[in-house]
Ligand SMILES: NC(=O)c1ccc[n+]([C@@H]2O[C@H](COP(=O)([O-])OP(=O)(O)OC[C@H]3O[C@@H](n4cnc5c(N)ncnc54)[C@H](OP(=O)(O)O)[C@@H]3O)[C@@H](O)[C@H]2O)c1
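This document opens with one chain alone, in structure tokens, the form predicted on its own.
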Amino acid sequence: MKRVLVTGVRGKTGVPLAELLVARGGVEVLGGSSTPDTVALDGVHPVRFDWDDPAGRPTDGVDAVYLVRPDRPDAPELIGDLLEGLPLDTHVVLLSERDADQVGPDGWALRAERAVRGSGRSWTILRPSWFMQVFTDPRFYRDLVADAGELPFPSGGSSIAWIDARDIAAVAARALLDDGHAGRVHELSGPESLTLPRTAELLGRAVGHPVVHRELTIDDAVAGQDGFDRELSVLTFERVRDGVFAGVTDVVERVTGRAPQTLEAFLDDASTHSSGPLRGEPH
């Protein structure tokens, strides 16, 4: 039986990934969370995993680990420390982001990837575009779309190839359990690149009333943020404007054997299987 640790198991990719791993059979899934008592996934063994408390991490006998990069300045160092405690034959799948070579202060995202590449363990790096789940999460755009009928976003006219987090999880499951992924960097996207006005149009259909895209300045978009979070958000929106998230790849289909979900299908599903239009549960 293969033992797989999923960090951030309650997150947008962690939940569907854990479910896929359990369904494969022959896998012991360790669901890592800073609050393991809140993990309630069938077939998943909750374990404590806290970036600020390395003591007691469940690293013994782990065959593979799904590593959700913490978005904090010390992420490269935290990742390096974690990997030092893993067996040398552990396979590491890192959730990074598109075109990570230019992300963050002093190449922060790339340094996080280098911590994985230089760990002496086999690795796969996932670089996805923006998650579709930002439209079902109240911490992002859900309530603005559903209640105010607007999508405030500093796009600069560029498009985004939105991706369903469940498609990321499907690729991660293959990378964790199947051969042929070691040493690979998978750039992931949804099946189409959409402008923000077109995205707003699809959101309007899902919520049942018009939604308009409101172009913001980047300063307006990051108002209220400070420090590292602000710096990272500014760079992310600058990359949106540069078209970094616009490219469509075929990686999801090549790895999983099926096409990734469209934004329209995702929104239809969210409206059908929730308490109201786009009223998904945050993680």
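Given the structure is predicted, the values throughout are model-derived calculations rather than measurements. Each residue number is its position in the shown sequence, starting from 1.
A second form of this protein, the form predicted together with the named molecule, is not displayed here; the remarks below concern that form.
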Q.
With the distance limit set at 4.5 angstroms and only heavy atoms considered, check whether 11, 95 and 128 all reach the named molecule in the predicted bound form.
A. yes
Q. Any idea which of 138 to 146, 170 to 178, 202 to 210, 77 to 85 reaches within 4.5 Å of the named molecule in the predicted bound form, heavy atoms considered?
A. 138 to 146
Q. What is the one choice in 71, 150, 99, 192 with a heavy atom within 4.5 Å of the named molecule in the predicted bound form?
A. 71
(Q) Just to confirm, with a 4.5 Å cut-off on non-hydrogen atoms, which of 233, 34, 59, 256 contacts the named molecule in the predicted bound form? (A) 34
Q) Closest heavy atom of residue 185 to the named molecule in the predicted bound form, within 4.5 Å or not? A) no
Q) So in the predicted bound form, does any heavy atom of residue 110 sit within 4.5 Å of the named molecule? A) no
